[in-house]
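What follows is a single chain, given as structure tokens, in the form predicted on its own.
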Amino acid sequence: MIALLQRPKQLLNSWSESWLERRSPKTRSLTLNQQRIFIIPTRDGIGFLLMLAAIFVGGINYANSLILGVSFLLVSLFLVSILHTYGNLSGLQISAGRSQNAFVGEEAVFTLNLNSEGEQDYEAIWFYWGEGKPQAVNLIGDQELSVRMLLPVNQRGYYSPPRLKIETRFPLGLLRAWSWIDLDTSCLVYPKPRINDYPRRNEGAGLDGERLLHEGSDDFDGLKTYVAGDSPRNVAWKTYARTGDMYSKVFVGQEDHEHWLDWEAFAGLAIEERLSRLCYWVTQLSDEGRTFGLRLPGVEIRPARGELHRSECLERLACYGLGDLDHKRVNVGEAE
């Protein structure tokens, strides 16, 4: 029974989605006009109309011209409100700006650029975008305004946000005008970094370009789980303050300048767990300015350093195993 009741709703949603795709296809920029703006009375507006009907009937019943005059005045007010509510969206130009990449569990930043035609002002305009927090905007006396929207992201890979809803009830709240916009924008979502011990090879088992390690005190090698008896000077206090977990710094007495982050170093773990651990060390080594390479099944990124190298490694981790997304490129900003 429940399935039968839900089927008409599913069909309606499917039809409305298809209709919106035809009426408002993906675009980088558009201007709101009569073909894209919908307007209906609000709950207060319906109550206002019912009150007008009651006043009008009372005026006719008692043949009271004053009551009829008030009803006509209120009707004209409602009609003028329709024009003002519609005009508060009409002519508004919205375009997709730069986006910022993010890690799983964080909020990605999307920028909207708003422009007004001529000297028209726009007041009390609300933006609803996916699961992000609604945001109100006023465009008064400005020719251009940038709006930053924060959208939570929970799955790695390229993320395209759902349709953007723009709504206003200005000036009296009697009517609601809105529009749906499918902006052609996206961002890259990286795996969630997971703190872990650096995957070290045994001394003498290294390859050319990989580190040959032995215990020492010359160079920082990474972090390991804190063990009772470790020197307090080696405790990673900043990491403890941030996560509440105790880790000790590991130093080595001899190493060359190249680090390798190898997929096989985390054999036995699930795919997402491997990606999260590798992602942590990509960000950690990049922040330290170290030279490192990345090995994934079918992919080898030679050791390098710098922001471009960091972005390439994170992108490979984000798109690993997602098919055509491995080679997709979009104009997005860097995650902060």
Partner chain sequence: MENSQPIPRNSLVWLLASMFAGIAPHFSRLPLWVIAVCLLCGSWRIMVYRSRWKLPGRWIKALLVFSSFAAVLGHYGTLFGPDAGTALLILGFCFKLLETHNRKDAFTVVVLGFFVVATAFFYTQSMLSAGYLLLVCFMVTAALIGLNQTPLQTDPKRTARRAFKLLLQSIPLMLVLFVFVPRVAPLWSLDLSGSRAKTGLSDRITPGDIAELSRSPELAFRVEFEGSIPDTSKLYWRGLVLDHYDGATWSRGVSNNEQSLMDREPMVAGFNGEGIPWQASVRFQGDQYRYRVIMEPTDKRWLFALPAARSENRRVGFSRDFRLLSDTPISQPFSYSVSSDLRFSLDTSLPRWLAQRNLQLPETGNPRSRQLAERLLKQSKTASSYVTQVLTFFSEKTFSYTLRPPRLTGDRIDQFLFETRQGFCSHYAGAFVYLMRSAGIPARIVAGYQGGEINPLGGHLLVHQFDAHAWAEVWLPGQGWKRADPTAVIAPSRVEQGVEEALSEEQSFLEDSVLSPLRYRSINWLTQFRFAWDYVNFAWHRSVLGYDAKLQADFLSRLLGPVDFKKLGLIMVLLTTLVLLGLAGLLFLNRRGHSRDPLLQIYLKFCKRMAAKGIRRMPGESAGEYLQRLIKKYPDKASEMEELTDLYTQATYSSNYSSNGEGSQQATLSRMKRLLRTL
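Positions refer to the first chain, counted from 1. Here the rigid core means the biggest group of C-alpha atoms that line up within 1.5 Å when the two forms are laid on top of each other. As the structure is a prediction and not an experimental result, all values here were calculated from the model.
What comes next is about the form predicted together with its partner chain, which does not appear here.
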Looking at Y247, F103, F127, Y122 here, can you tell me which has any non-hydrogen atom within 4.5 angstroms of its partner chain in the predicted bound form?
Y122
Work out which of L174, L164, A177, M149 lies within 4.5 Å of its partner chain in the predicted bound form, going by heavy atoms.
L174
Heavy atoms within 4.5 Å of its partner chain in the predicted bound form: which of the stretches 278-286, 291-299, 264-272, 65-73 has them?
65-73
If we define contact as a non-hydrogen atom of the residue within 4.5 angstroms of the partner, is P199 a contact of its partner chain in the predicted bound form?
no
Contact label in the predicted bound form: R194 to its partner chain, heavy atom within 4.5 Å:
no
Wondering, does V80 line up within 4.5 Å of its partner chain in the predicted bound form on heavy atoms?
yes
With a 4.5 Å heavy atom cut-off, would you call L30 a contact of its partner chain in the predicted bound form?
no
Within 46-65, which residues come within 4.5 Å of its partner chain in the predicted bound form, counting heavy atoms only?
F48, M51, A54, I55, F56, V57, I60, N61, Y62, A63, N64, S65
Core-aligned CA displacement of W178 at least 2 Å between the shown form and the other one:
no
Core-superposed comparison between the shown form and the other one, S71 Cα displacement 2 Å or beyond
yes
